[in-house]
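Let us start with two forms of the same protein chain, each given on its own as structure tokens and named structure 1 and structure 2.
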Structure 1
């Protein structure tokens, strides 16, 4: 029974080492993605530097599934800019164009009205109750560039979460089963 105990011990020690190595490499992958994401937030000055277009309200310019790169600077908000904003109480950001701007002389505060290019009317229906204008703190960033179709991955993963689990499971299996 001595050799059995020896074999079990040697198998256990190899497995634990390998497991720890793989756990560390997985941890490295996750943390480096997080670092890149936070760095992007810093560079673009916006809380969410990349957004996916979810609705058809800006067609034919932005289709559902495109991704937009955002940038936020201290420059004043002007008509024609495509901005991404959050309505109080809703967490899905909306991407529309500014059509009216009223900027106060004394404070520099600004009242903004937006509208989706493909929508018949302006966004007052979307704003919170009794809210007529958007203000600077609602706006998360200006759209400065875009890539078509790439956002479909996110849309599919959000609308059918089962695919997200399958993907993560498959990735996990790949990492565990790989030898180097």
Structure 2
């Protein structure tokens, strides 16, 4: 029984080692992703350097599912620029074009009015109650580039969560069953 017991213990230790190796590899991938994300935030000056266009409000310029790359600088925002902004009380950022800029005489700060290219009117109905202009703190960034259609992966996984769970399960099985 000594030789057989040693062999069984040897096989068990290999499986534990493989499992630990897989867990460490997964941890390194997650950590690397977070480091890259934080580096992008520092480089772009935007709290969210990449966003997905979720509606048709910016067609024909941007389609639903396009990924936008954002940058936020100290330069004043100008009419015609495409910005991504948050509204107080809403979780999902909005991608629209600046149609009007208003400079406050007493502080020199710039407020903006936005509109979706495919929308009939400005965004004042979207803003918080009694808010007529977006202030600098609402703006997450300016669009500086885009990848068409790549964001559909995010949209599909958000709208159909079962696909997200199947994908996570399949990736988990792949990690557990890999023998490298």
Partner chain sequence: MHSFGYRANALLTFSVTALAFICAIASFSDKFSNQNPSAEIQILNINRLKKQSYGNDEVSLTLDISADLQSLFTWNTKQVFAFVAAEYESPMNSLNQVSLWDVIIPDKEHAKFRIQTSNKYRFIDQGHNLRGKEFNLTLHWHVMPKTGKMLADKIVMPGYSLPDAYK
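Numbering follows the first chain given and starts at 1. By rigid core we mean the largest C-alpha set that fits within 1.5 Å across both forms. These numbers come from a predicted model, not from an experiment.
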Just one question: which structure is the form predicted in complex with its partner chain? 1
Do you see a C-alpha shift of 2 Å or more at residue 78 between structures 1 and 2, with the core held fixed? no
Once you line up the core, how about residue 100: does its CA shift reach 2 Å between structures 1 and 2? no
